[in-house]
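Take a look at this one chain, the form predicted alone, written out in structure tokens.
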Amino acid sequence: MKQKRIMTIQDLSCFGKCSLTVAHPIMSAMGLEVCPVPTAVLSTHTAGFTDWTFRDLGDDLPAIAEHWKSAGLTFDGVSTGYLGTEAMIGTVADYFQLFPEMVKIVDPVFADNGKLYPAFDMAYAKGVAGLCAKADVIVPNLTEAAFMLGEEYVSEGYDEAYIHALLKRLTGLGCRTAVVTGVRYDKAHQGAVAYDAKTGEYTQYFREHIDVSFHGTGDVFTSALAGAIVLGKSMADALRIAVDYTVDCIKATMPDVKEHWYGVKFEDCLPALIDAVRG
């Protein structure tokens, strides 16, 4: 059977469990041929560290895409993460146009907990919304969904009807499928809900809520979700695989949370992820 091939476009933190540092090994373990496109290289991720180094690689990306195209390479899918600049959003849109056959999965990665990340403004949020219009599947959290739609962020007290309506509005941006992460209808459970605008079908999957925050868990989730989608899994299976894997990674890290505060021990849980994909 021909191996599925996915490109992933996001930054590379040399230390820390996020972005390409987790995306490449997770999707490789799932059996995909992973082609990384680093948008920048950082010495560490930026959460909890100071004086980190940063080198923008944006000028290199167009030539990479053109070389791949001239070499006749094709891709079954692409997963995007942290991009950082409006110019990079345009570069990724060019990748989408050059390789139209691939399933395009966009994680907006610009806000959380009701606030934009420090480096971003509403112009960037609008730019990401435009990129989501060109995607097949988008994976925002509740904060990113609100900013892209120009709506007030609702952090709690919502119900299923609210999330379903929110998902419909997100697909109104232009994508076929929207997945909202970090959904909690009660205090005990957390998960993700998806809506397919073509079929009108909603899909959801929840696990126990763990009251702790680790940097990079969104990247872990999106990597597993994108891998499952490109492998041809149904959305129900993809959500189950991604949510289970993310929760398992958090639980595996909890006994060592003080020493491993910078990210989850995703490596320890790869065997279970491989079993889930093959099951």
Ligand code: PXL
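Sequential numbering from 1, following the sequence displayed. If you're wondering where the values come from, they're calculated on a predicted model, not measured in any experiment.
The same protein has a further form, the form predicted in complex with this ligand, not shown here; the description that follows concerns it.
Enquirer: Ok, 47, 64, 231, 252: which has a heavy atom sitting within 4.5 Å of this ligand in the model of the complex?
Expert: When this ligand is considered in the model of the complex, the option within 4.5 Å is 47.
Enquirer: Tell me, out of 42, 29, 238, 247, which residue has a non-hydrogen atom within 4.5 angstroms of this ligand in the model of the complex.
Expert: Partner contact (heavy atom, 4.5 Å) among the options: 42.
Enquirer: Is the gap between residue 21 and this ligand in the model of the complex 4.5 Å or less for some heavy atom pair?
Expert: Although this ligand is absent here, residue 21 would stay clear of it in the model of the complex, with no heavy atoms inside 4.5 Å.
Enquirer: So in the model of the complex, is this ligand close enough to residue 109 to count as touching (4.5 Å, heavy atoms)?
Expert: Flag for residue 109 set to yes.
Enquirer: Does residue 206 make contact with this ligand in the model of the complex, using a 4.5 Å heavy atom cut-off?
Expert: Outside the cut-off, so no.
Enquirer: Would you check, heavy atoms only and a 4.5 Å threshold, whether residue 158 touches this ligand in the model of the complex?
Expert: Output for residue 158 is no: heavy atoms all beyond 4.5 Å of this ligand.
Enquirer: Counting only heavy atoms and a 4.5 Å cutoff, which of 223-231, 56-64, 238-246, 208-216 contacts this ligand in the model of the complex?
Expert: This holds for exactly one stretch, 208-216.
Enquirer: Scan 57-87 and note down the residues that get a heavy atom within 4.5 Å of this ligand in the model of the complex; none is a fine answer too.
Expert: Just 82.
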